[in-house]
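Only one chain comes next, encoded as structure tokens, the form predicted alone.
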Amino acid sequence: MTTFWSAWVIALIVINLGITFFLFLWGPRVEIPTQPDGTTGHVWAHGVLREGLHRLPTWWIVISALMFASGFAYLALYPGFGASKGILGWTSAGEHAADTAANAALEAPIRARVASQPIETLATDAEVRRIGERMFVDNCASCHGRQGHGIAALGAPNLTDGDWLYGGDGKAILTSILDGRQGGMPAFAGVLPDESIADVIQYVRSLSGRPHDGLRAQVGKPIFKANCAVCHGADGKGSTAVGAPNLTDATWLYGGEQAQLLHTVRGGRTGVMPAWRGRLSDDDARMIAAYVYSLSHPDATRR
């Protein structure tokens, strides 16, 4: 703080405290003229209302005195009176550093476990899960939801159902968190005629047992094998190597209704899971991964 601003702050404090302290001392002693009936002579409503006068109650004077004493003590002990550092030498930065060091000491045993154990083992540790859940809420819930159920409109997958685009073991989950994932469903508009796309959609719906047009599904089957099987597999069960979803189950990242599938096939999908390596430490990412793993393995991790 410069000399000017220090002097400015001091002047404001002295003037404000000085005036209020003077009024506090003067108020109980000042003599105010009164009428024989004990009122001040001020009337309203044609004399119906008269202004009375009473001394300040003792409890109010005592509390006010204590407040002034607290204010003066604070200015003496802590920063606030210009550039004064206060008798205690307290600073917010110093308190933050002390709290951070104390927290690090508490975290040290936990982080030692986190660094040395696989994700699957960490997922059985209630303390690690609790911390991982808190960090998940802070960093991941905006897309995946507070409970990890995902948001189809964003293409953020449900993390509780055991269906994984890139694999659901601890190592795959940790890789997704640290390095991110880039979806790559290509757009087939202009590549395939609209009729062929409609036939493929009927075949895809048949793979998961959804209502479909059997004849069009048969027509769409060879089109699927020629254009889609390279990623989703000839049987439509997907590939975790490229993040191609399984089309034979009831799990749909963007929805499995005909209009949603039409949008997916015609326009493609390019969902992005951001990489958190630059924001999260490896230990933090491992605790989040342990919590995420536990969401889809509740029986194996809730001990």
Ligand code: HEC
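Note that residue numbering follows the sequence shown and begins at 1. No experiment lies behind these values; they were computed from the predicted model shown.
Here the subject shifts to the form predicted in complex with the ligand, a form of this protein not shown in this document.
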item	value
Heavy atom within 4.5 Å of the ligand in the model of the complex - residue from L154, L75, I110, A217	L154
The single option of P118, G167, G150, P79 touching the ligand in the model of the complex, heavy atom within 4.5 Å	G167
Segment assignment from 208-216, 183-191, 87-95, 100-108: heavy atom within 4.5 Å of the ligand in the model of the complex	183-191
All of V128, R146 and R286 with a heavy atom within 4.5 Å of the ligand in the model of the complex	no
Contact flag, R50 vs the ligand in the model of the complex, heavy atom cut 4.5 Å	no
Partner contact for A198 in the model of the complex: the ligand, 4.5 angstroms, heavy atom	no
In the model of the complex, D163 touching the ligand (heavy atom, 4.5 Å)	yes
is_contact(F68, the ligand) in the model of the complex, heavy atom dist at most 4.5 Å	no
Sequence-ordered residues of 273-295 touching the ligand in the model of the complex, heavy atom within 4.5 Å	M273, P274, W276, L280, I288, V292
